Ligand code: GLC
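Only one chain is included here, represented as structure tokens and corresponding to the form predicted on its own.
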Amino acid sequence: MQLRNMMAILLVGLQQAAVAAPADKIPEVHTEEWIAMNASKAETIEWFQDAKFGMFIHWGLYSIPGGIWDGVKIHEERRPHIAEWIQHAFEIPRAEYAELATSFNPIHFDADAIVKLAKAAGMKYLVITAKHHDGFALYDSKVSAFDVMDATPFKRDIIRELHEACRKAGLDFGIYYSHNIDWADGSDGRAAEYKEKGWSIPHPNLHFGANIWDPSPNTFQEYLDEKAYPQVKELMENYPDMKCLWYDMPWRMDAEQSYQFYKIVYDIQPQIIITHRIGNGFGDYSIPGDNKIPENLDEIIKPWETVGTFNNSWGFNGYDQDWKSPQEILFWLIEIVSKGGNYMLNIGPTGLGGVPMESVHNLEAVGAWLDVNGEAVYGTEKWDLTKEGPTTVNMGGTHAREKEGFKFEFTAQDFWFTQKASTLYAISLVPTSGSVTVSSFHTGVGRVKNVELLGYGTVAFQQDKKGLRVKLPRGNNANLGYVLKVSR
């Protein structure tokens, strides 16, 4: 297909979807250029949609206080109550916060061990915060001294070590970069400018996320030109062959600025796919929300990924012990994959660089399940139905998960579905023996030729208009459920 025709088709599709998906609206500028660049990333998009499960890492200076400042818990201050926002919550002056760097010496950090854990968990890619909202970089930046090499006693390029460890282990790599918010050098994030001109943003609080307590004296545009754009270029030049780039929170970013963040990446590593949080419609894939599983899939027109926390914070919080169990993690993964998405689960290393043992043990349990049942996850697609059974779980975001917890009990009648070509998978998250019935696999879906219990082998079955009845052996992967592979 000629490029002009391809662009025309993509543009029509974007125009039709814009009404349903405001977050993925057509770029206001550089439309044809963006469509051509986006279309060239088909190979990486295919990789992304096959990978399904990844590791997110939020780590930086905020891991030292671990959610507590001067003896006060972050939950006693303004939202959001997540540890990496501690400077924002307590309105800590820039100079005072920067002092944390003098004690950042994570002697327990082991890039190879973290990558080994990700692979043991069945994760296919890893993304780490190269720079979060506090403006501190975990690599050796030449355009800012507020980084791990210049400002800390540690003096090791964390991004380089993880990038190299992933390369050696065959784990795909990406980075997070806070492009719009930088409490160290990003001025007030244009908050005053927006207020003066009467502009609005898609958030009820115009100042949300902006440093209005101690803004840097430069302008926001100077921050972009002198720090943000150059740092993204550094990252692209320093760490080749990456898969994805996670920009975040584009409020108060105009279309030209978002486009520049896209183009800088494309010019150096054109294969990289970028989150829609770059802003102004320039993303290659969507993020429905933090700890949020979409309910209306018709509103999502791009490949998508839900990101989740292990407890209720992204950065390390020393007093938050509300850890996701292996069963809950598997629920998130299977619910998301059955709907056609990816799940990227976060770990927050401590100030000394260690990974909380709850994260380690629970990820290893998930990995053991995926060793047996991963065929029903990786490289699959959404089937006509995503689930059957009496149990429904709606996950409305980080605060909802923290408030409501995870209290649901799944039954032997709850099945999630995925597919590969003519093969269907029915996934259960509870141990079951004896006979089970998958109602959705009745004769109307085609004649079933064989049923296999993954990790065991062929099992007896009967199919009629009421469903597929299967006889399960005793002791089948008893703790965390099982998968039926159904061949038609």
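One rule holds for the numbers: they count along the sequence shown, beginning at 1. If you're wondering where the values come from, they're calculated on a predicted model, not measured in any experiment.
Heads up, the form predicted in complex with alpha-D-glucopyranose isn't pictured, but that's what we're talking about next.
Taking the partner from the other structure, alpha-D-glucopyranose in the model of the complex has no heavy atom within 4.5 Å of any heavy atom of W59.
R277 belongs to the set of residues with a heavy atom inside 4.5 Å of alpha-D-glucopyranose in the model of the complex. Remark: I82 counts among the residues lining alpha-D-glucopyranose in the model of the complex, judged by a heavy atom distance of 4.5 Å or less. Using a 4.5 angstroms limit between non-hydrogen atoms, H133 touches alpha-D-glucopyranose in the model of the complex. None of 262-270, 82-90, 197-205, 149-157 except one has non-hydrogen atoms within 4.5 angstroms of alpha-D-glucopyranose in the model of the complex; the exception is 82-90.
A heavy atom within 4.5 Å of alpha-D-glucopyranose in the model of the complex is found for one listed residue only; from F331, Y176, Y139, F316, this is Y176. With the partner omitted here, the residue from E358, D110, E388, D248 that has a non-hydrogen atom within 4.5 angstroms of alpha-D-glucopyranose in the model of the complex is D248. Annotation for 285-305: the only interface residue with alpha-D-glucopyranose in the model of the complex is D290 [heavy atom within 4.5 Å].
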